[in-house]
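For reference, the chain that follows is the form predicted alone, supplied as structure tokens.
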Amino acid sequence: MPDSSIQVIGGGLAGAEAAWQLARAGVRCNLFEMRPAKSTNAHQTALLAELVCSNSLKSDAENTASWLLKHELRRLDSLALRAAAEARVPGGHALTVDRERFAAFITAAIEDEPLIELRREEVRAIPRTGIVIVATGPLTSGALAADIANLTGSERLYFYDSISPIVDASTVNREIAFPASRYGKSLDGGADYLNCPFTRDEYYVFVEALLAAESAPAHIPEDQEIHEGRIPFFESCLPIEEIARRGPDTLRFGPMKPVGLTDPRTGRRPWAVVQLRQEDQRADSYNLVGFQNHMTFGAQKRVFSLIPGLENAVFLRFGQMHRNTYINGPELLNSTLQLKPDPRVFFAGQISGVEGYVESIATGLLAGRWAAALAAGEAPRPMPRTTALGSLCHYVSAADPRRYQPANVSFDLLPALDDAAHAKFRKDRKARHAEICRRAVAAMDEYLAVHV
């Protein structure tokens, strides 16, 4: 007999979440993950849902757009948000996790679920029958990407992303690097970051060395564009070299901004600062926040050793550059993430055109729930437009296809308040955002009362 299970392609954040949601709905599925049989340039393990860039799931401060999306996912019993709670490490207002514990939690849950069959093999083409969820993420294999282009009638789109370095905590010079959170703010009252402070002279020496550093060679012939200035970088994840090329002071108004910090050695604010964020629950490694780059490993060692406090640091992982593949969602997908020409096929995660860990989890969760509805002979029900989930899917399916670029969740994606509320909160941004969140929570309550 042919396999009647739903096929989920890709064992990253979106695919694992989609498979989990299918199982919660009582639907059997096959979850395909090509690692470890075939690895990528970015992954380090064979675990499902491995975080390959930052270990931060962004802000968990109430009434932020990122918090709202996570709040909605928690309401829908997201496996990944459960894993994040289990693997959480200090990160100020951000939800940061021990990435190995996080991925291990999800992997164990999937392996122990009898309705999910985990298949460690590469899928080179989308099955032409049955319900399918494509969640292969930013590192989709060449063969499958070519098949997606063939199925959609669209050329593959892509941008470039990169990975931040990680250092051994024991090799950070604590006589220079100091523990602190900006303005002393932390969810638990602690000092969640190590901060490496620069004097004015140290900063400009660092920038000069950064701009002179050698770029890593292209892994794929097409990626030679990286050396020719035609790279379609995602704006919110620019390599630090690209930021520095915009002006000598750009970094200290970006990822190296010193605001809200005081160097205990001088009692003054540093000229610039590099923040180190705890990478695991043992606090034996830290990542360099916002320091994604595409320099050679040798250049990274040389340049990053100029950071005060990291002069003798041992790097457990250097930064890397990798290609992110995504489709043009507004041309191809409807508001329930189904392929317009072939609605049995769902797209989820970064390949659908969202950016960010939580956004990938969100589209995976929804694709799993909607695929389960389709399998039961029901029409998938879009999320309310006023929710973060609904607005994210609206962007993916209704943005201008001529200017489509991957997006993180933000208040700009959610509908504006009505005229009366807008007038009431026009001069108070925090109150306006709180009202948008209140409206979203109420809409989610109504949705769950009817549909869950």
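The first residue of the sequence shown is number 1, and the count goes up from there. Being a predicted model, the structure only gives us computed values, none of them experimental.
The next section is about a form of this same protein that is not shown, the form predicted in complex with a small molecule.
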Next item on the list: Please run the contact check for A65 against the small molecule in the model of the complex: heavy atoms, 4.5 angstroms, yes or no?
Entry: no
Check: Though only this chain appears here, would L13 touch the small molecule in the model of the complex if you measure heavy atom gaps against 4.5 Å?
Finding: yes
Check: Taking heavy atoms only, is K58 within 4.5 angstroms of the small molecule in the model of the complex?
Finding: yes
Margin query: Using a 4.5 angstroms cut-off on non-hydrogen atoms, would P197 count as touching the small molecule in the model of the complex?
Written below: no
Item checked: Single option in S141, S215, S335, T171 placed near the small molecule in the model of the complex, where near means a heavy atom within 4.5 Å -> S141
Notebook entry, point to check: Using a 4.5 Å cut on heavy atoms, which of G92, G356, P165, P308 is close to the small molecule in the model of the complex?
Noted result: G356
Margin query: So, a 4.5 angstroms cut-off on heavy atom distances: do all three of M34, V52 and Q350 pass it with respect to the small molecule in the model of the complex?
Written below: yes
Next item on the list: Look at the stretches 338-346, 357-365, 310-318, 271-279 and give the one with heavy atoms within 4.5 Å of the small molecule in the model of the complex.
Entry: 357-365
